[in-house]
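The chain below stands alone and is given in structure tokens; this is the form predicted on its own.
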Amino acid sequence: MALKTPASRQTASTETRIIRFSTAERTVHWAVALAFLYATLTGLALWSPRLFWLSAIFGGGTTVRAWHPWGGVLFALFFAVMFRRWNRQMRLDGDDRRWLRLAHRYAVHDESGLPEAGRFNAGQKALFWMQASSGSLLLLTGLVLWWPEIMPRLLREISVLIHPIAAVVSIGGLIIHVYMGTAAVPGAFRGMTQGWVTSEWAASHHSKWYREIRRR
């Protein structure tokens, strides 16, 4: 039996790799993530006196008050770039709606009866639209709170209520996203860090997408 040379072993180890996300997609994704993280932590510091200690990490209260809105603007701008790239791929179809009705099975790692997923499954699509909606509310209400002196009183009061609610929804979505992309689905995180997944992973978790790229 012939022994594999280092070159042949390297070929064998890489031939099952499939490009999951391009460098541009990953760059935009992490730009969105970092801007959101900054806006979240500085926002929490401003929201509750018990969390004001977070402001020390980012230069103190005065600096946080000045830069928190800009963190939100950066998040909105980066997300807009992501939205332009992915919004068509994130549209829900009949299979996606059926997937969402059976999402509890996915949560407990029982995928029997679930429709096959394309490049993004229905949970990822739903999260995308939820973040787009809550992000829009955060931007609009944030602008009102940024310049309260020129805004009508009713608009200020509504923004004071809606802004933290939208933030909680977005933070909750982020926690779910991180959990599902790391602990719940091993191998998914590598797609967003190194850009590739194995063919076995693609066939198991996104079989419809796997067949599509095999036909190309």
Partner chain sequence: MTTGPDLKAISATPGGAAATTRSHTVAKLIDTTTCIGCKACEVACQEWNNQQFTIGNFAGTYQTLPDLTHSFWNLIKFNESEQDGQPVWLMAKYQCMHCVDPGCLRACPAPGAIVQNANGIVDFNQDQCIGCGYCMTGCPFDVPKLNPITKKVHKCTLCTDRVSVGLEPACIKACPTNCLSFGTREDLLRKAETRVDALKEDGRPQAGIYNPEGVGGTHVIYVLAQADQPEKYGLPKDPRIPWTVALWKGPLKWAGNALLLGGILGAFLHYLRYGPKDSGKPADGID
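Positions refer to the first chain, counted from 1. As the structure is a computational prediction, the values presented were derived from the model and not from experiment.
We do not show the form predicted in complex with the partner chain, though everything after this point is about it.
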> Any of the heavy atoms of residue 21 lying within 4.5 Å of the partner chain in the model of the complex?
Replying inline: no
> For residue 200, is any heavy atom within 4.5 Å of the partner chain in the model of the complex, or not?
Replying inline: yes
> Quick one: is residue 61 in contact with the partner chain in the model of the complex, heavy atoms, 4.5 Å cut-off?
Replying inline: yes
> Does any heavy atom of residue 52 come within 4.5 Å of a heavy atom of the partner chain in the model of the complex?
Replying inline: yes
> For the stretch 123-146, which residues lie within 4.5 Å of the partner chain in the model of the complex by non-hydrogen atom distance?
Replying inline: 145
